[in-house]
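Given next, in structure tokens, is a single chain: the form predicted alone.
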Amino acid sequence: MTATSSTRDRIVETARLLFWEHGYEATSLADVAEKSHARSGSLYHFFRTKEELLLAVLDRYVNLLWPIVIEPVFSRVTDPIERVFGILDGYRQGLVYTGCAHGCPIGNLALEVCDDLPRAREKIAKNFEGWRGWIRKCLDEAKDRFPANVNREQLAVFVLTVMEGAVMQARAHQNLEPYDASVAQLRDYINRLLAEGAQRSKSTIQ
């Protein structure tokens, strides 16, 4: 890694953390320069505006999805359904770590900037699509366990909706109860689908 790329990466990573902790609007380029120990000239060399920096942060989130969110779960869990809940448990651990503060960084940015920054909105959507795609992959691997009429793409969207809504409520209430209740209800729903799938499979064999 060159010194130039190292400086750029340090700026992007600092901005990522500041946007997550304090929000996009509340974070200035001066804050990023100070926290990243970068000169203002260096920062403006890479990013002419704060929006350009945000776009780089969103690209970084796309690249971090596998190594930070997905791979740690996939490396220790083999059952595709349990992988889904392992990913959800990772967000629960994040809530525990932060005391139910900050929440999902992509969800936060979606609420804050989507109406005003169309390029950022597109990259936020790309992040959601990537997350949903991994959930869909898990559901596809378990397709023989579900009833044939289950729309797995819609189910993956539902899982994402549960996660984002549960994180938001946990932050609002400053406790884990809404998150745990939401995930428990999702677990119950998927268990019912699996039970129906098993019953239909049994009937077909008989």
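In this text, all values refer to a predicted model and were calculated from it rather than measured experimentally. Residues carry their position along the shown sequence, with the first being 1.
Another form exists, predicted in complex with a further copy of the same chain; not displayed. Remarks below refer to it.
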Looking at 89, 116, 71, 79, which has any heavy atom no more than 4.5 Å from a further copy of the same chain in the predicted complex? 116
In the predicted complex, the residue from 63, 154, 49, 28 that sits within 4.5 Å of a further copy of the same chain by heavy atoms: 154
Contact between residue 196 and a further copy of the same chain in the predicted complex at 4.5 Å, heavy atoms? yes
Is residue 171 part of the interface with a further copy of the same chain in the predicted complex - any heavy atom within 4.5 Å? yes
Any non-hydrogen atom of residue 125 within 4.5 angstroms of a further copy of the same chain in the predicted complex: yes
Is residue 53 one of the residues lying within 4.5 Å of a further copy of the same chain in the predicted complex, judged by heavy atom distances? no
So which residues in 173 to 202, when you check a further copy of the same chain in the predicted complex, have a heavy atom no farther than 4.5 Å from it? 173, 174, 178, 181, 182, 184, 185, 186, 188, 189, 192, 193, 196
